[in-house]
Ligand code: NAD
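Have a look below at one chain only, the form predicted alone, in structure tokens format.
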Amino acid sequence: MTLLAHRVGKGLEGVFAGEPMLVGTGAFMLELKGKTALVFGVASEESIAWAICEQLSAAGCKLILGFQKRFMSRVFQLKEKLDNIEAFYPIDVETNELTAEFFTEWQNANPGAKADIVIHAIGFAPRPCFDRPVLFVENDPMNTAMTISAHSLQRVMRYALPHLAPNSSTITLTYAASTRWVPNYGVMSIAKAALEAWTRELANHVGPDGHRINAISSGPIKTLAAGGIPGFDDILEHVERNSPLRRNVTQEDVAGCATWLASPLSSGVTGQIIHVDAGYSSIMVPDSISD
């Protein structure tokens, strides 16, 4: 098979169905048959993590989902939607012990199993983080937000590392508020900045063994978590009006990038923050300033 001109016009449907795509002289494929992904962060059908599950599954990847017990009934309803979901295990990344339990249960059921892909789509801040100016947020809610939204990447990788297949790919999700002020995002801005720092640190720690870690900086997307941010609809409207593509991105846009990062096509990419935001991160002064 060759990559013909009509292939470009056809789009990526065939690729996501597992059809080989040849690039240059090397037969690199967006083909994940025989691969296993650990996915953390599915909360509902609107989750970015769920869209990633759908595209990984379409590429042939087997899925092991880690879920929060408070979302158990909602997550279990999704099981019948993807044949490639092999198992669900509870996980709570707030402590080492609770994080380790996921890996213990997985290994007990599948001794010696290896993961080729890890999706870290975990983020949470208690309500008090948004109810007052960031200067006055107390330590407990702030520490919870930092632990779950940022430091959990280190915790997940610590327990995943013995069970990673060669040349594994880990993907986490961040947001542009890590480097720029966003109204009402507060403590989560600091958590996302820490998450990106963890991405670079961990990429350099596990890179010599062939493992990769990258972060996708998504544009704003209406999800269960985003619904708790005051003024979020206004942010969506602003980005749609001012991004170069004049639209907001979707869960599927992010999932497409994640699937690429999970594949051999991105084998030379690690420690990076990749923006999937309709180009909004390239804007300094928006065009609408003259309106």
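All figures in this text were calculated on a predicted structure; none of them were measured in a lab. Numbers follow the displayed sequence, beginning with 1.
One more form of this protein exists, namely the form predicted together with this ligand; it is left out here, but the text below deals with it.
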- prompt: Within a 4.5 Å heavy atom cut-off, is Thr174 in contact with this ligand in the model of the complex?
  reply: yes
task: Consider Ser263 of the chain shown here, and say whether it contacts this ligand in the model of the complex, taking contact as heavy atoms within 4.5 Å.
output: no
- prompt: Any of the heavy atoms of Ile221 lying within 4.5 Å of this ligand in the model of the complex?
  reply: yes
message: Please determine whether Pro126 contacts this ligand in the model of the complex, using a 4.5 Å cut-off between heavy atoms.
response: no
task: Would you mind picking out the stretch of 109 to 117, 204 to 212, 68 to 76, 131 to 139 that comes within 4.5 angstroms of this ligand in the model of the complex, counting non-hydrogen atoms?
output: 68 to 76
- prompt: in the model of the complex, do Leu38, Glu105 and Ala160 all put a heavy atom within 4.5 Å of this ligand?
  reply: no
task: Would you mind picking the one in Ile85, Leu164, Ile190, Ile148 that has a heavy atom within 4.5 Å of this ligand in the model of the complex?
output: Ile148
message: Within 4.5 Å of this ligand in the model of the complex, counting any non-hydrogen atom, which residues from 232 to 253 show up?
response: Phe232
